[in-house]
Each structure stands twice: as structure tokens, then as C-alpha cells.
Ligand SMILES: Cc1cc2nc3c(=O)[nH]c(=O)nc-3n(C[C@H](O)[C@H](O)[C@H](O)COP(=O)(O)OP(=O)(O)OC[C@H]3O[C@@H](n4cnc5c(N)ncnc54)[C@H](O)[C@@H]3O)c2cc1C
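This document opens with one chain alone, in C-alpha cells, the form predicted on its own.
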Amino acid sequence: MKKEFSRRTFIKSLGLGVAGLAAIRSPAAIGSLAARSEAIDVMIIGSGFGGAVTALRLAELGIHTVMLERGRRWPVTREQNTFSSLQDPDGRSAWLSDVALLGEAKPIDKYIGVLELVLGNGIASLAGAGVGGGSLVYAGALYQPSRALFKSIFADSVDYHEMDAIYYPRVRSVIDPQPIPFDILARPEYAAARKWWQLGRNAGLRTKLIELGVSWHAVWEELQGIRKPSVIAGEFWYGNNSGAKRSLDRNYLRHAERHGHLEILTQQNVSAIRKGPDGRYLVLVDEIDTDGAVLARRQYVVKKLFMAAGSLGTSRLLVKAKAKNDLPELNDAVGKYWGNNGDFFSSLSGFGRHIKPNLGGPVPVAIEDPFNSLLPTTVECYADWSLEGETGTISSVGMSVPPPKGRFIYDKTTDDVVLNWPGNDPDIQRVTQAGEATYHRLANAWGLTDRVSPVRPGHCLTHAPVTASVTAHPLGGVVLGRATDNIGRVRNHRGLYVVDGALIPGHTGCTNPALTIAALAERNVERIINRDF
């Protein structure tokens, strides 16, 4: 009980409306359950961006593939009641937790919900669960980094020109992201987004409309009352009930399944990966009930295995496999070079009563500060459901370019892997300092240059303290060119591949990572298929 209280206290201290925790219980004794063994030629673990891209490209070539997903499917219903709401969360909101993760720590039924909170040392990370992975819970931002910042991630090991000309457009052709249309931006519900646009321009900073993987037709129907208010009401963390979000189950994975060569097995929680016979891999899986109880255990013997469980899932599985001598030839780079994408949070206040911070989502406008004297930053406004009823404030999430100093460590006493993030490291502290500098510039610019909505001379906005104790964008742990070769093939392990955010060392150049994760997967999988299939 004391440990539980201390963890809840830690989450409350994040100051972001995140007040719950992932309280994953151990399943009941399962010694009587018989393990079944099955042979599989090609398997993908995880159904997020890297896994979905891989599944489609294999399916197009007629390669039968089995995909394991720990969560369940979340089809959007006509009644628009698939997901839990942020205001009234229930078990659907959280992965095997008995309290809600966002807002007050409300008791909920333990269920295989869509959002997991993973507590590390110095950082808390959010991850998606269910068919579609992180796309179920992301804000839909598909944001391409600049050439200069892309080079700060990969140096010359990945050709930006090729990514820009081929692979970023390839992802867009499937998901079809679009910036907010001006007729929707002009609506009263998007007053905060318009202010954010104006604020960035007043401060002399680059300001842009973000390409979002949402159907703006569906958002328009939300505004007209035809669909349930969801995107416009700040709903995305727990899924989107109106059907506006273009999550991967509705494009990449749907296309892959239609080819007839992809089999998605849900509620399959991978517990271990081991070296098997004849160069194959043993994948140990717990088939779980909706409350996490183990129903059966399976062992798959896999010829070609693609790791796509996200930065957290993939890294933890491989670090554990190395520590327990299950995959002893993994190199020392496995588990290293992790970062939080430079995520930080703050808000600006003083805009006036007509600004309603809970409306106008998900993240329509970005302000870029590439020449910040400390580190480049981007700050995006978002509809903050937790501020319903308040006025004059705009919440925002920022991103920067942190050094990838995080590391996954195996704990023998708990048989678990823990993420260590040295948040007090001076180089990492520079991220929040850079965020403070950007917000200070924005706050001071408002009364000096605003010509659209005149304010009293010298009037400035105020900004909340910048916090960086939680990330929605975990990256790294099995980094390209270090733990793997230049296309994601794990070193010393023929037929073992990484295709997700674990490949990326710590950040995606002041942008939301989804587009870069997917585009990198498109690049790597194309090469893997050409060379290994």
C-alpha cells in the first residue's frame, strides 16, 4: 500500500493532468496451462506504425505473415461509443490499470485499455495498446523534420533527399494527412488555434498548420452536431469516437488484411524471445483475457521476426533476452541511446474570455523556434479537455533535440526491465531551458506586436513552468547503425529485424515522431525484402 501511494504521488507531481498509474498485476497461477508450439515463417510483434508498414508491404508480395498484438481491436461503432471519454474514464482507457491515467486517479475496472503508462527512473512514458498501436492514442500529427534537424538524428546514414522524395510521400499516400481547412479554422471552436498562429507570427517565429491524420469532413460533422464532439473536444488520448482519426487499423492494416496474407492475433502478450533451432527464434506468448489473466501459453518457432512493439516494448524484450542469455549475441548497444523526443509541456494565459482551451483539437498549429540560442524547439497548441469551463489559456506541447542518454536496465530481482533517464543531467536540462526561452519570447511578443486584437501597451502573457517528466514520444533503445545495421537488421542475428521507434536515437528533430517512424520503416522494409526475401 505504501508503494502504491508513492507511485500515485509521483504521477500527480507531473503537473500535466496525469494522475494515475499503470498498476499491472501478476496473473493467477498458470502452471496447469499447457504451452502450444507453432511454426511461423514470418512474424511481426506489434501493430503500430513500424509493424503496420511492414505488414502491408509483405502482404502486397503475397508473403503470409502473423502479427501479434497484446491489445484488442477497437472498431468505431455507429453509436460512436467505442472508446472511453476523458471526462468519464473507465477500463477501456488504460492498459491493465485500476485507476485512470489522466486527470483524477479515478478507480476503474482493470482492462486491456488503449493507453499504458510506464514508470521509469526519472521519466514516465505513454504507449498505445490495441490493433493500430500508438495511432489509437496519438494526436494525429504527421510532421516532417527539416533537412538540418533530420541530419542531427541520423547524420549521413539515412539520405534525407531520398526520404523526402520517396518515403515520407509514401506514408502520406496511405494515411492522407491534411492541415486544418481554413473554413474550420475560422470557427469559434478554433479561436485558440487562431491565436496560436497569430502569436507565433507576432514573435517572428515560423508558424505552420500541421498535417493531421484526421478526416476533416468528419470534424466538420462534429461541428454540425452530426457526429459526437471528439476531435474538437480534445479527445485523442483514449481514442476517437467520432471516427475522425485515421488510425492504422483504418488504412495500413486494413489494406494489408484485404490482401489476404496477414493474420492478426489479438490479446497475445509476448513474454520472451529466445534463440531456437536451425537459426529460428522462439517467441513465448501469453494469450490473455480482457482483465490480463493468462488463458493459454504458446511458443512460436519463427524464421523471420520483425520487432514492432514500440521503443518501450521492443527495447525491453531485447534487453531482457540479452540479460538472460536468451539472445546472448546481442551487442552492447541494445538498450542504449533512448530519448524522450525533447517533450515538454506548458501553457500561456491572458488571452481573454473568448479563448476556450478545451476546444479545437487535436494539435492544429505549430510554432517553430529553430534558432533558439539553447536548442531548437517546436511548440504546438492542443485542445486541453481538463480545462473545460476555463477561459484565456492555451495549453501546448513542445519538442526539442535531447541527447539520447536514456538506458534500459534489466533488474534480476523483479525479472523486469526499467528505463533510466538522467533528467537532471545538464545537457537534458537544456531542453526545458530552451522551452522556457521560447515561451518567454512568445509571452513578451504579444503586447508589443499584436495588431489584430489590440491590447493595452506593454501587456504580456504569462506562461506556466515548463515540465518534462512525461513523454508521449519514447524513442530509441535499439538504434539504427548501432544495435542494427543501416536497415534495421539486428547485428549477429539473421532474420531478426527492428522496424519501429526503437531505431531512432532519442528525437525526430522537433517534430512528432509518427511520420518519421513510418517513413523509416518504409525505407528499411523495402530494402529488407529486396535482400532477405
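The structure displayed is predicted, hence computed values, not measured ones. Start at 1 and count along the sequence shown; that's the residue number.
FYI, the form predicted in complex with the ligand isn't displayed, but the following is about it.
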item	value
Contact stretch among 193-201, 402-410, 159-167, 69-77 - heavy atom within 4.5 Å of the ligand in the model of the complex	69-77
Every residue of 154, 340 and 483 near the ligand in the model of the complex, heavy atom within 4.5 Å	no
In the model of the complex, the residue from 140, 398, 120, 89 that sits within 4.5 Å of the ligand by heavy atoms	140
Contact residue in the model of the complex, from 126, 175, 233, 348 (heavy atom within 4.5 Å of the ligand)	126
The ligand contact at residue 501 in the model of the complex, heavy atom, 4.5 Å	yes
4.5 angstroms heavy atom contact with the ligand in the model of the complex for residue 55	no
The ligand contact in the model of the complex: residue 488, any heavy atom under 4.5 Å	no
Contact of residue 394 with the ligand in the model of the complex (heavy atom, 4.5 Å)	no
Stretch 303-342 - residues with a heavy atom within 4.5 Å of the ligand in the model of the complex	308, 309, 310, 311, 313, 317
